[in-house]
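Single chain ahead, by itself, as structure tokens, in the form predicted alone.
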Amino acid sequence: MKYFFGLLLWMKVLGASAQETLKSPDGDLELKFSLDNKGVPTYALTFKGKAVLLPGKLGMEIAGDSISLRDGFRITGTQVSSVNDTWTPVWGQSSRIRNQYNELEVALYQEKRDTRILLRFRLFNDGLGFRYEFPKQKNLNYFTVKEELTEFRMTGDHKAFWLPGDYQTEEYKTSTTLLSGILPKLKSGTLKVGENYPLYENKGLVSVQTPLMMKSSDNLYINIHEAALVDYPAMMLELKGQTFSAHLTPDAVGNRAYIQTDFTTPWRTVLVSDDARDILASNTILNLNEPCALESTDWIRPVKYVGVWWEMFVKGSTWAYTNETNTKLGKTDYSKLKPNGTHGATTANVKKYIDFAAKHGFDQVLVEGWNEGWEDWYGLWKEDVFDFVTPYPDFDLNYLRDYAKSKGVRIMMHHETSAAATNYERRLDEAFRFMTANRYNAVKTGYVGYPIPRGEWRSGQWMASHYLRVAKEAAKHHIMVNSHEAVRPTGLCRTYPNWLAQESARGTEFEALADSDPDHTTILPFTRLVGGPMDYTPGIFQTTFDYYDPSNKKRVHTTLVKQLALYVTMYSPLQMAADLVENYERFPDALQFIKDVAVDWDETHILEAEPGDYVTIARKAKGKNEWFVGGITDENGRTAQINLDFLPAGRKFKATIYEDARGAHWETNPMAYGIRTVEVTSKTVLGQILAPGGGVAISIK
């Protein structure tokens, strides 16, 4: 087994000492591992002499076994080593990523069970990763995990940005409380996903999801998550006092994971800094994942797209072709049913989006509702609803395929599975061959509903493995994947870079379904995006919905300019211009920023950041002398200090600034904006006013 991918600088094998210490390469982080007097493994972490994690226990409880892997251990040996190298991602926030860490491997032996396990710790300059490793052995071949016993013992009543530990969804609003406020709010019953998604709520849990972002009273920023979630359930965090314990998503009968050795768990990660910008700049989770597993990647390209989607939320378009169903025929014969007149995925409508994409330089057009089955697809355990190859009568697949090709545009496939993962896996090869034959090279998958197999959860071991199986199978067909309603990401996009993005959080659709608070996108970079890119679907220009229907008082909780800034602050190699074609045609000058902004980058500079308050990021477009800056704020207006010292010295540049107009406000005047051009250099510092719920977007050439 290969653990290191850089130069092995030094190694030593130690005896059976009961305590070991490891420092990060810069010396700021220090890990202490020890066994207590009962042989229980514990670890503690400090940063610049400040306690980050108090001594917390490690171990496993095995189902059906009277002897758990929690105590009675002795250390049989340790190895310490260092790695310092760089690697090149297929796409990303930087064209080169440094991978530097010191590692401690601890070999443990439990005599009463005659069992060996390894604990592997890696200390980076910005955080810790550790995992359990189970070598193949006589007394530990197949086993079932009842629970993982990992603890994260916090040092105080930290401020926390958290979501409830729902096995089924991450699409909640973020709650911001002290640790002491988490359990009262969890038990209050007031947490809601959204009015259109009542089945998602899994009440009664006393845990929170990762990534969990915290800030201590002594100004340490701490983030707990996991990396490389492979063949294992996602980890929640159960809180007792100020100690979090790992809480793995169970399966239908209450077990956590089924293991065959040789096996390694996902990495448990703890990012730490006294500067919030370091959390956003961290590559620790990517570095803890395996290198790219694909033989060729030249077919993988970041994508900017438009599509038939937002109109379903604000304009009354439907995914379904008809309001009728004909159950007497077995398979519905749509030629005998009356169209409802509101179907969005018609040939004429899709052609309009293809024309728009071709005119403005977008790569692809997403089409939802193109295929049969939407009339009765949602509910408890609806299996075999979609076959993923049969279009509705008013969607001329062959014509649109050829028309898109003539315009230099591709259509993006949509596979809503209604969470029937077993049905999807049975049909996967046929569906991907169908895509290839019809020039589709990207698919948006969806898992709305309760998963099939029955009793499984979307963050359990079976489903976590399913999402990865889909990505692997897609790679065989040179297809890129954008998964919605899937388990939150853990950096696997490094290993399978065709897995471009995921939703796995409260995206723009909730601005229409319920609402998202103005601070939502100032938190997501510190929580959801720590694990990988998100398909957030920004770019809504018509932010008030009474424009379509005077009785609809809902709105997007941002200014128009903040929607532009999100293309920089919400990193993804997959970016949608989500609004309607006609709205972009009303604001062609603002659309220019979306057309110009890159989706792949050489450099990223985190200029300002405070979770829940503001984020300002600058990025250099890959292979170009072009830079883009995005700055966003919460419900409070502020002045961003944008230092352009990342620009090459001694040169002058033209900066086009898209800014909130005087008097702009996300609630009272959201669509007021201005555009100005100024000359800048590396010595320029822009004091830029951001409206409440607003932002700024800058292109520099």
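What you are looking at is a predicted structure, and each value in this text was computed from that prediction instead of being measured. Residue numbers here begin at 1 and follow the sequence given.
Another form, the form predicted in complex with another copy of the chain, is not on view; read the next lines as being about it.
The listed set 240, 136, 112, 338 contains one residue whose heavy atoms approach another copy of the chain in the predicted complex to within 4.5 Å, identified as 136. This chain appears without its partner; in the predicted complex, the one residue of 76, 261, 552, 592 with a heavy atom within 4.5 Å of another copy of the chain is 261. Judged by heavy atoms within 4.5 Å of another copy of the chain in the predicted complex, the contact stretch among the candidates 245 to 253, 289 to 297, 68 to 76, 267 to 275 is 245 to 253. The shortest heavy atom separation between residue 422 and another copy of the chain in the predicted complex is within 4.5 Å. When another copy of the chain is considered in the predicted complex, residue 141 lines it closely, a heavy atom lying within 4.5 Å.
In the predicted complex, another copy of the chain sits within 4.5 Å of a heavy atom of residue 452. Of the heavy atoms in residue 304, none are within 4.5 Å of another copy of the chain in the predicted complex. The three residues 484, 520 and 571 each lack any heavy atom within 4.5 Å of another copy of the chain in the predicted complex. In the predicted complex, another copy of the chain lies within 4.5 angstroms of at least one heavy atom of each of the following residues of 374 to 389: 376, 380, 381, 382, 383, in sequence order.
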